[in-house]
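What follows is a single chain, given as structure tokens, in the form predicted on its own.
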């Protein structure tokens, strides 16, 4: 195991240990809730990153899928079904909705894909806003209580955080497996050289379709976590601003990386929830940060920081060699 791999493993162990012990050293329930928000939005951003980072397909309608899964959970609970049935139905509805998204939007790429997903997201937002008998309109749907799997109640902030952390870590592991799988490699090939992949015998449309389904599954998981976190769902969750925020998370952190969307989710959530309590024009601050990232680190925070670290270590190496060789 080389030094770079050892450093990476050590950083992962430290990060997991910090997350696992966060309620012990993080003061106040408010900040534990903020940490839960970061984790569930990180799952959302990882789902979008499957398309934006690895497939090269930018979606502006993912908040619609996020909201559909959340609405499905709340509506099933309103009908009197249990949490297990509601979650399973929400996952199925989320994946099925993504399948419809994919069939309609994969007819095009680039700006065409963006516009189709934007239109589909706005259609879902309009349905949530106007179909009052199903969604409750502006009044939304309330979720009376959180589940208690195996008698472990999620009613308090700490227990819900640990459950969200477990789901988040499972999603990260699944994402790592997906990225290193033959399907993940083929998906990156369709992003970089779609014509060559097609000439080699790969079914480019099918590969992108499967990637969309995987993205929809992760988005549905985050939507379920969200509705249990807030215990409320309204049409605002499906708005264009929600899609733009999660896209900002992916782009700011670094699309096509595993850590980038997580860092981007932390940045956006902290500015939106914590910094906004001290700065009235927090939207301006978030926009300024995003512009600075695009100018200084166009690949995102994670790739940009990695590049700076490698540059610094390369510059230190010759200096250290000269020092050791000096009499």
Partner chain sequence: MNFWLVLTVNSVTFGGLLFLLSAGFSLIFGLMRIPNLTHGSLFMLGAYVGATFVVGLLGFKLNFWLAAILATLAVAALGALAERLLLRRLPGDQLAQVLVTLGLSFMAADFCLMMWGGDPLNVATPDGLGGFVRFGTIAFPMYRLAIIVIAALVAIALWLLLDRTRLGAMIRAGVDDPDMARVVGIRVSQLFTIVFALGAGLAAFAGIIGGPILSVYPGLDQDMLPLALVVVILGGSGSLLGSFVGSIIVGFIYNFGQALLPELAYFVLFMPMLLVLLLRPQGLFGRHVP
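Numbering follows the first chain given and starts at 1. Computed from a prediction, not measured in an experiment: that's the story for all the values here.
The protein also exists as the form predicted in complex with its partner chain; that form is not presented, and the subsequent description refers to it.
Is it true that 104, 244 and 283, all three, sit within 4.5 Å of its partner chain in the model of the complex, judged by heavy atoms?
Looking in the model of the complex, the three residues 104, 244 and 283 all sit within 4.5 Å of its partner chain (heavy atoms).
Name the residue from 79, 119, 92, 99 that puts a heavy atom within 4.5 Å of its partner chain in the model of the complex.
Flagged contact: 119.
229, 161, 125, 168 - the one with a heavy atom within 4.5 Å of its partner chain in the model of the complex:
The residue in contact is 125.
In the model of the complex, does residue 131 come within 4.5 Å of its partner chain, counting heavy atoms only?
So residue 131 counts as contacting its partner chain.
At 4.5 Å between heavy atoms, is residue 29 in contact with its partner chain in the model of the complex?
Residue 29: no, not in contact with its partner chain in the model of the complex.
Although its partner chain is absent from this view, report whether residue 60 comes within 4.5 Å of it in the model of the complex, heavy atoms only.
Because a heavy atom of residue 60 falls inside 4.5 Å of its partner chain in the model of the complex, the answer is yes.
Within a 4.5 Å heavy atom cut-off, is residue 274 in contact with its partner chain in the model of the complex?
No, residue 274 stays farther than 4.5 Å from its partner chain in the model of the complex.
So which of 247-255, 153-161, 71-79, 140-148 is the stretch with heavy atoms within 4.5 Å of its partner chain in the model of the complex?
Heavy atoms within 4.5 Å of its partner chain in the model of the complex occur in 247-255.
In the model of the complex, which residues of 284-301 put a heavy atom within 4.5 Å of its partner chain?
Result: 284, 286, 287, 288, 290, 291, 294, 295.
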